[in-house]
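This document opens with one chain alone, in structure tokens, the form predicted on its own.
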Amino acid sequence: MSDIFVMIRNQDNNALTSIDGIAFVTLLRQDGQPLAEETFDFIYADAGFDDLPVGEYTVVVKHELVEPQQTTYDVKIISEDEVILLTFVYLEPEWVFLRIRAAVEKRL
């Protein structure tokens, strides 16, 4: 089984734990149907979805005070030993989404 690990970072690659004291939320969807929802950790600004089978998923990151309020990224898990790392980067002073960095690692 595979994992998807999601992080929120600012433009300097520091954990962006919240905006105005409100945490980010991430959703995992498959075929448009919600599978899970996680609130990002207030210390490390990360969240994860564990033990996922091979397949295609959509990761959604939401926060009511950023622009846009919702950002999505499609993920395809090809083999069972993958760990998908997604970093959603925001321009902290403006509360604006900048980009997504994606990487795939093999589970040890």
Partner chain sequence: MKIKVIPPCSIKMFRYRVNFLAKDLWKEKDPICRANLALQLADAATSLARLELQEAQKLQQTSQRMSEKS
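Numbering follows the first chain given and starts at 1. Here the structure is a predicted model, which is why all the values come from computation and not from measurement.
In what follows, reference is made to the form predicted together with its partner chain, a form of this protein that is not presented.
- In the predicted complex, no heavy atom of Leu65 sits within 4.5 Å of its partner chain.
- Proximity of Val59 to its partner chain in the predicted complex: non-hydrogen atoms within 4.5 Å are absent; the residue sits far from the partner.
- At least one heavy atom of Gln30 is located within 4.5 Å of its partner chain in the predicted complex.
- Contact annotation: Ala23 falls outside 4.5 Å of its partner chain in the predicted complex, judged by heavy atom distances.
- Of the residues given (Ala15, Ile19, Ile100, Leu91), Ala15 alone sits with a heavy atom within 4.5 Å of its partner chain in the predicted complex.
- Taking its partner chain as it sits in the predicted complex, the stretch 62 to 89 comes within 4.5 angstroms of it through a non-hydrogen atom at Val83, Leu85.
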